[in-house]
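Listed next as structure tokens is one chain, alone, in the form predicted on its own.
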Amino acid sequence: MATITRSKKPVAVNPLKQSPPLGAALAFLGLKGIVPLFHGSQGCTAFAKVLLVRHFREAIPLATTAMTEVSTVLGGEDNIEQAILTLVEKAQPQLLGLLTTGLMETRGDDMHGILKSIRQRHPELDGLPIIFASTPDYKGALQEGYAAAVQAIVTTDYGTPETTEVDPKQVTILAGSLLGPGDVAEIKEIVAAFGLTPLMIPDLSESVDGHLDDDYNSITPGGTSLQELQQLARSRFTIVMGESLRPSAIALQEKFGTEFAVFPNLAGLSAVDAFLWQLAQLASPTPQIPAKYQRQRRQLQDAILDTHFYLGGKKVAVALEPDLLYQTATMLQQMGIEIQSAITTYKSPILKELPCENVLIGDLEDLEDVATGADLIITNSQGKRLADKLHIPLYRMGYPIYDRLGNGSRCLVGYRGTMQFLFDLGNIFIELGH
């Protein structure tokens, strides 16, 4: 069990964490026909938009209530109302994702009361689901904001479906912030291979996966649709990817009675085995693994043999969000790699399960202090400066990655993704002559 400590510095230097509103916006981008609406100043939205555009190299639809000094003092209801009406007129969204920033959370706007008042004045909004997530900047980090948005997604009322009869083939997949668009696409393909229908929430694989559309989109071009969200009650089971989304699965269980299982990671032989066995049990009374994945498993076994010569005994310093940190550190430890130091953004229950002695809640300056002597650093692109300073190679992971291409299709989960991860690390050490 890892010991969790917190940096005692009064300020963050070279911050590791990204804001909760950014995480919530990322989760909302996995819904089809939505516009994430930031309730705050224009700068709050601009920062998130720039980071996401640089990471995915795609046009990212984000909107703002554009609060000023005066409207902040007097109240933001008029700004919210005007922003919603403008978006409905110009973008015609199927869904609207409303999230708060530190500015408005500090002021204490009654968001539920404001939305109720706006709907009373504008009955034309009755058919538009508005998903509200409270995401103050000063509490948590990207992962916590993402989780808050997912919980808001699964608890929002989308109207009564034509039938609530359980579909024996439909499975809800709650995709945590540790999964990128390429990871989500891989999971959907695996689930479908068992003859099951995945209801992915959120589904980044169809909105920020890097594809060309015929026209500019003022709303998300793909993702989980409103019609699919209306089918949540019909899922026979919920599979949770990432410990941070456990509360969302509990909410679904309380709302619809849907049983669930949590998979804190999906990289590595044992983790993928457990996931596939769960799917096999859901798919048939006589569980069987498709031949495609039996072969991929043997390929991963061979990849482990090929790469362990280069990875065994190495020391790695890792700085990531909690769920992604757990998945990565567990995979490294299984390959005989020592986790020399682990840095994360906020306290999460999964941190106690990390395969290392200590984990520090801090920033990249803290990583610089403890990474000396490591063979590799794993963090986002903000770690490039300290990696160069310490003359240690950097493997980029997390948000943001702005100096590498392909972030919309990169896959590091499942048997295939695990192989890619091991080959990436092995090639780094071969290049260095280790």
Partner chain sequence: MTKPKVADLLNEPGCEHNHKKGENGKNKACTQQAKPGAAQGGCAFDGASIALVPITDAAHLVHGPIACAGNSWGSRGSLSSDATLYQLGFTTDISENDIIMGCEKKLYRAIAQIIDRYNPAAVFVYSTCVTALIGDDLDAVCKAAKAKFNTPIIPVHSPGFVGSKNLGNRLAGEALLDHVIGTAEPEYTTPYDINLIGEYNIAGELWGVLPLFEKVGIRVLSKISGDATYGEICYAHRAKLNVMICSKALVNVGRKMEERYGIPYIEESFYGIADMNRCLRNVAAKFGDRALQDRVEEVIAEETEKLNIALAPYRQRLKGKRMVLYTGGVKSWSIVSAAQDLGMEVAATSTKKSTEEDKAKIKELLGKDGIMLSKGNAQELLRVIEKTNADMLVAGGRNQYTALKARVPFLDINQERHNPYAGYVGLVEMAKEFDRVLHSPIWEQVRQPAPWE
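Just so it is clear, the model here is predicted, and its values are computed rather than measured. Residue numbers count along the first chain shown, from 1.
What comes next is about the form predicted together with its partner chain, which is not displayed.
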(message) If the cut-off is 4.5 angstroms on heavy atoms, which of these, I378, A63, A387, A374, is the one near its partner chain in the predicted bound form?
(response) A63
(request) Sort through H211, R298, K255, H122 and report the residue having a heavy atom within 4.5 Å of its partner chain in the predicted bound form. (result) H211
(request) Spell it out for me: taking its partner chain in the predicted bound form, does every residue among I4, K292 and Q334 have a heavy atom no farther than 4.5 Å from it? (result) no
(message) So in the predicted bound form, is its partner chain close enough to L282 to count as touching (4.5 Å, heavy atoms)?
(response) no
(message) So in the predicted bound form, is its partner chain close enough to L103 to count as touching (4.5 Å, heavy atoms)?
(response) yes
(message) Is it the case that W277, even though its partner is missing from this view, gets within 4.5 Å of its partner chain in the predicted bound form, heavy atoms only?
(response) no
(message) Just checking whether T197 would be counted as a contact of its partner chain in the predicted bound form - the rule being heavy atoms within 4.5 angstroms.
(response) no
(message) Among the candidate stretches 75 to 83, 222 to 230, 155 to 163, 313 to 321, which one is within 4.5 Å of its partner chain in the predicted bound form when only heavy atoms are counted?
(response) 75 to 83
(request) Using the arrangement in the predicted bound form, list in sequence order the residues of 4 to 19 with any heavy atom within 4.5 angstroms of its partner chain. (result) K9, P10, V11, A12, V13, N14, P15, K17, Q18, S19
